[in-house]
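Just the one chain here, laid out as structure tokens, in the form predicted alone.
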């Protein structure tokens, strides 16, 4: 980490991920990187560029196009003491390799009374907004948050892309690490002292409405906060499991209003769980009902215009927050 006296170093989100993996491989000989085209070609998104040349084919391993095969192999490797980082090219493809994640990685530490640790990180690229169609644009983080035994991490900033990846690799539990492709080119510094995994960040302080979000939607929520006129307190959860409800509750106790924003389909999403917990704890303190803002329950279209119409915008977020303020 850079010291407080050194100037901030601004890099891209994609480079922060690369740096996190490089640091993890350097500091622990048990860490290996596994996936389709992660080696000499640097990955289809170029996230792993240069790692093969730097660390060699025994640490950066190209695989056949068989997610079930290499994800299962990674879980087995974790059982024997390695710490694999597994790239699943698109989150949408995880359906073909759910068994080793759902029934093995998530369960084996519990089923062996702690005799086995499964320190494996499943990197998944997610998100709409690139006209990639219904099979390459889904946000499925709620699937994994529902599975006991998995941690679910969703970095929204450059600093968190590196720091949370490192923490995920060091964790003894299986971690689903979700990267939004639309953040890859975003820039930021990595100087700030990292927060621990499981701790939310107040990205912007405010007084009227608490806005809770994660991943790509953080940028749109911050833009909505700048648009006004309501004063928004924007909270970046950073992870869904662990879920930092303490930070959320403290904020909602002050504002009395809560808006939850996510890119994933609104129906049965993670926002519903957060809303239920706030309702359970703060029912008598809420000035208005909790509101959620997410994508409608339809497959993501290829058409750029239709795709834009489905995703929450900063204007929609600002309008929803203002409506909450006007209600009470």
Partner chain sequence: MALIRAFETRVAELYRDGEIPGFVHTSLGQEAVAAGVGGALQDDDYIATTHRGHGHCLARGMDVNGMMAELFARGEGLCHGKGGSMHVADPSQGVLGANAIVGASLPLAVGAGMSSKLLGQGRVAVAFFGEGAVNQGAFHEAANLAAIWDLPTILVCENNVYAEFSDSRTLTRVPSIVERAASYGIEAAIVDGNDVDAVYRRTIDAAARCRDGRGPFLIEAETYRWHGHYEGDAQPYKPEGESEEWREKDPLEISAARLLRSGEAGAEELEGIRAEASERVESAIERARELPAPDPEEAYADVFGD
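Here the structure is a predicted model, which means the values were calculated and not measured. Residue numbers count along the first chain shown, from 1.
Keep in mind that the form predicted together with the partner chain is missing from the display, and what follows is about it.
For the candidate set 164, 230, 150, 252, a heavy atom within 4.5 Å of the partner chain in the predicted complex is found for exactly one residue, namely 150. A single residue from the set 25, 11, 19, 310 has any heavy atom within 4.5 angstroms of the partner chain in the predicted complex; that residue is 310. Of the candidate stretches 216-224, 199-207, 182-190, 115-123, only 115-123 contains residues with a heavy atom within 4.5 Å of the partner chain in the predicted complex. The closest non-hydrogen atom of residue 131 lies within 4.5 Å of the partner chain in the predicted complex. Using a 4.5 angstroms threshold between heavy atoms, residue 46 counts as touching the partner chain in the predicted complex. With a 4.5 Å cutoff on heavy atoms, residue 159 does not count as touching the partner chain in the predicted complex; it lies far away. In the predicted complex, at least one heavy atom of residue 61 sits within 4.5 Å of a heavy atom of the partner chain. Of the residues in 96-115, those that come within 4.5 Å of the partner chain in the predicted complex through at least one heavy atom are, in sequence order, 96, 99, 103, 104, 108, 109, 110, 111, 112, 113, 114, 115.
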